[in-house]
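We've got the same protein chain twice here, in two forms, each standing alone as structure tokens: structure 1 and structure 2.
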Structure 1
């Protein structure tokens, strides 16, 4: 009997070990307003409950830049998270620094080629997910900037809410009509554009491309185009909104301040991410609509949002566990549900074939604007030393908006600073620069 009992205990322990879940951690940011951290935690709990092979601990890591810093620190400490939801434009730098694994092998284990796999996602999000023909990121939440506008303010100003501005000139004209003053005091700005770090660089890239140019070398991480007519013109446009037309507040306007001004009727139009649409919809008590960002020479907006990646330094077991989580989160049903909750568009195209997405669009036509705008979307800039290179232009544009410097000089400064930050990579990969 003792032998049978011992044997049964041994078998029981072996069975428990065989079915022990792989424990992994998952870093995720919340880059826009709203209760996204709560919903992400719910999704991870649902994944844990759906199977017994993997147990995920979700770790909220702040904004995109914070998540980047914490992930790098964890990799350098030899304790990388198994999966990270990372700003899509950081992926190139992670590849350059050998800090992210190619997902081709995991995709192949599911009997797909990298091309077949990435073909399930909208064309506009694919460039930021791939490097050298290999998949390094899986798009999960994506956005474009869109124009939000108060329809009551439009009516009050004699504007048709069904005809938002389409061109930059119309944008200025409408903003002038929408701006309200009490003597020398502006009580309602016609327009406010978010100008804090990260969002500002994103928005300037879109304005620059709309103005006929490009923002960076899409095929190589060592070159940006700050000191060019198209980018200088985009910054001049923002400067004019503040200091010439007086329709936009001076200085740096962060996302929370801009949203609160919109809610309170202190700004009639704002440019914000479609990822904030759920938050705006929940908190805006006045009627509003959304539209394409107005164009200069062409419609053009940058892709924003985040992709899922697996950092280097994880064991094959943890990589496989992370892939199961990634596959779950980017499935059409889960990806579509996240889109409906947040306002981000679902990068997985099949999500829009689901009845619940069709019903959601029927009830919330504003959600369709970002998807329609994808026809004009381009990759968000990705370079070596991404954050530093981005801040090189953001610092200068913020100085312009504060009235401290003129656009042409600012962009010359930004280009010089960016070139210095990019120089190590340039020398390693392309050419030897003179001292």
Structure 2
């Protein structure tokens, strides 16, 4: 009797499963404006009604850091979401802590090799999505730093708005001409580089790599190159802008304050994310243009943005359901539409072959500059303990920008602090030798 009942139950469950869709949850952050959450919900609804097998509940989980927190908490509680849109530089830590699954199997089920799959995305976004030759993340939205400049200020200073600075030397020369003074007080700075936590680390990595450096070990999360000539030079460059050339305000320049200064014409040039392009376009009343970030030895800008990953602890059924969602969100049409809506660039290369995207570029030439600069983009800083190791250099550079310490000593301090944070991982990997 009991056997019969359980068989009946099993059969009914099986049939139920055959008909009912797999329910999965999807965590997504919104790092900028709130209207993006509405668009993401619309996309997920469109996915749900496009097929019968999977039903996705989209869960808005705050900023990038909050999403990271909530995902880790959910994994530890044994109830991981099936898919997460995660800040791309955290993927390495998920792999180190065994909290994200390799997507190779799901890619294989679609009759592709990992190489073929990741080859569909821009080369610059690939390293942050892979670890040890395996795919762990699928890039969804990306950005790089870019130079924004006020064309009226350029004309006023006798500069050609069609010829933005290309090298650091030209950058300093132009910034000097663009700086307006009232006695000792600067009324318009020539250039402002954002220097609050998080953005500062991102921008220094770009300056350091442009100055010939590698900044961090791209293949293994246990090394950073802070106390090196390339990074010290980059920090010295920022120090000089403030304390030698007097073209940048002293102290920490918060992203919000910098954008406001740019809108009000109080800074002629700024370095900001391409992801802010829509926001700047909406709020800037004065005419402006964008250009590549000027170079020292080579053009180099770091990648930022987010990738989709599947946390560990999901059943194979939920994994393949999540994979269907991920494939949908990163398909050329959807990925391109999201790019036009948000201002991020679409990591999926084929998105740019679509006619809608060509129209968009014709109307918004500044968006094209951002995509063209991708040819010079480098991966995003990712180590064991990424945030802490990044803060180690940020604290020191902020002290430099405030005139409290000189770059060489600052970078020696930063290296020491970073090495201490990396030590537990280094001991378990590179220094764990055969006994």
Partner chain sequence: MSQTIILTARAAAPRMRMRTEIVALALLAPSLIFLAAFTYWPVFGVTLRSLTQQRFGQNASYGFDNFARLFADPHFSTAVHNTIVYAAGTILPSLALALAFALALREQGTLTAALRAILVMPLLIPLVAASALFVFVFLPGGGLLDYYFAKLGLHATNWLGDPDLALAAIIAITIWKNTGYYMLFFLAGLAGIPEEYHEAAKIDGAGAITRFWRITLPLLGPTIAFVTVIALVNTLVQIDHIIVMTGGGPSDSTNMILYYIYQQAEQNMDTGLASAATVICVGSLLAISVLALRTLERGIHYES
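Numbering follows the first chain given and starts at 1. Each form is matched to the other, and the largest set of C-alpha atoms that superpose within 1.5 Å is called the rigid core. Here the structure is a predicted model, which is why all the values come from computation and not from measurement.
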Worksheet entry | Structure number of the form predicted on its own | 1
Worksheet item: Going from one form to the other, how many degrees does the smaller rigid part rotate between the two structures?
Response: 12
Worksheet item: Once the rigid core is matched, what's the CA displacement of residue 52 between the two structures in angstrom?
Response: 6.0
Worksheet entry | Core-referenced Cα shift (Å), residue 311, between the two structures | 2.3
